[in-house]
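Take a look at this one chain, the form predicted alone, written out in structure tokens.
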Amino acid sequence: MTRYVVVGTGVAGVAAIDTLRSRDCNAEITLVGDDPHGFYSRPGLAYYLTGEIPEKQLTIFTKEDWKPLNSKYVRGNATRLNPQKHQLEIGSAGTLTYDRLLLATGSVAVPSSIPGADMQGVVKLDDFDDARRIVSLARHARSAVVVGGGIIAVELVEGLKALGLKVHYFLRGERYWPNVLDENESRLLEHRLTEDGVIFHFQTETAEILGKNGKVAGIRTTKGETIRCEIVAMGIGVKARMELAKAAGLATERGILTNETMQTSDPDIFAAGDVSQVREALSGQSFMDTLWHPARETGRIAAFNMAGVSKTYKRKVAINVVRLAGVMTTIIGAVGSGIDDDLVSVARGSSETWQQLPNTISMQSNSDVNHLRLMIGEQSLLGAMVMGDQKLSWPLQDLISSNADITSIRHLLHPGAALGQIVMDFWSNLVK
């Protein structure tokens, strides 16, 4: 009987367990996790803050859903991995012996090094307990400061505003999320948040978090300004949880290095999800995604290979659908500049693909959809930003994912071209 151990209760770990059980009904499968809430929707936490989703809807698996997986759950923090002995130590829970191990430990919010960051009232949005803590603190607060750029920071801004607080938003740069958004897109979102009462502070950095009796009382900027607040929310990015792997001698860079089968430098240890850094065999390049769907797929591929079924991870075009400042936004493929002074690492809900600088021409339209931006290569579309009306989202995903030849619609580049209509007509003819 093969013994499988999976570390991590996120979507990658659960997808792996589901796949392992489908391949081997007799295997011994153990799931190890240190999150007291187990498997839930992390993307849904932002909507919990705004009051749109109740707690119970964040739970993805019921007890009935777990039963067919016939796995053992060990709650605890994996403290030491011994690849030579095939053993994993889990604090007071003891030691597990494995034949195949999956590390799906995910990512964690980058800790702040700002003086005063250890005081009560300094928060992040990393897990269920973080979200609950923010809601609890907001009941006794009037004002908050949010620090950082990207998706998580705006989710914090919107959540704190929905909880009734006056919100100050600090950005180190001149605009919001410049490595992914162009200036028009940044200004559109900034305008919507400003209309909702959010106060922007551009080119502003935090020198010190001020406190009283161990609680946040304000913030002092590097410009010498002081803003009174009871909550400071940090959304400065995430980093891979790979301490266990590094200590065990596995190959790591920004994440745990794997090949396209999700196998690490140890043949019996695999990695998946946010923590994995996958190296492509053909290009030799490695990449990381902190997106839900790639995490699930890498977990599934890892499990197949752990069970002896050879499969390789085929990276698809990065796609994320997110609501930013109340605007439904789909980000597809390469759309950004790769330059961002506002993030110290990749933000959760992000992809390094977006931050590439392709050799393309960028075309925009604000007429046939609320906002559409296309990154146009020599013969194909390399990326798209769809904000507002989402009717073009799926056609663009299909065209970009399939690397469709768009030579016949190069008139997209003509001034005043109706981008949306041209794309829709072209795609409709292709799928007939």
Partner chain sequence: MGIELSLSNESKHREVMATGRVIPVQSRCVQCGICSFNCPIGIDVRRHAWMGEPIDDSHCLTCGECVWRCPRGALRFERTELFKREEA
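The structure displayed is predicted, hence computed values, not measured ones. Positions refer to the first chain, counted from 1.
Below: the form predicted in complex with the partner chain, not depicted.
Colleague: Find the only residue in 43, 377, 388, 38 having a heavy atom within 4.5 Å of the partner chain in the predicted complex.
Modeller: It is 43.
Colleague: 370, 70, 403, 57: which sits within 4.5 Å of the partner chain in the predicted complex by any heavy atom?
Modeller: It is 57.
Colleague: Candidate spot 139, 200 and 229, all three in 4.5 Å heavy atom range of the partner chain in the predicted complex?
Modeller: Zero of three within 4.5 Å in the predicted complex.
Colleague: Using a 4.5 Å heavy atom cut-off, state whether residue 90 contacts the partner chain in the predicted complex.
Modeller: Close contact is absent here: in the predicted complex, residue 90 is far from the partner chain, nothing within 4.5 Å, heavy atoms only.
Colleague: Taking 4.5 angstroms as the cut-off for heavy atoms, does residue 20 touch the partner chain in the predicted complex?
Modeller: Taking the distances in the predicted complex, the answer for residue 20 is no, it never comes within 4.5 Å of the partner chain.
Colleague: Quick one: does residue 30 come within 4.5 Å of the partner chain in the predicted complex, counting heavy atoms only?
Modeller: It does not: once the partner chain is placed as it appears in the predicted complex, residue 30 has no heavy atom within 4.5 Å of it.
Colleague: Using a 4.5 Å heavy atom cut-off, state whether residue 119 contacts the partner chain in the predicted complex.
Modeller: Contact with the partner chain, no.
Colleague: Picking from 22 to 30, 403 to 411, 46 to 54, 377 to 385, which part of the chain touches the partner chain in the predicted complex when contact means heavy atoms within 4.5 Å?
Modeller: That would be stretch 46 to 54.
Colleague: Sequence order please: the residues of 373 to 401 with a heavy atom within 4.5 Å of the partner chain in the predicted complex.
Modeller: Contacts from 373 to 401: 393, 394, 397.
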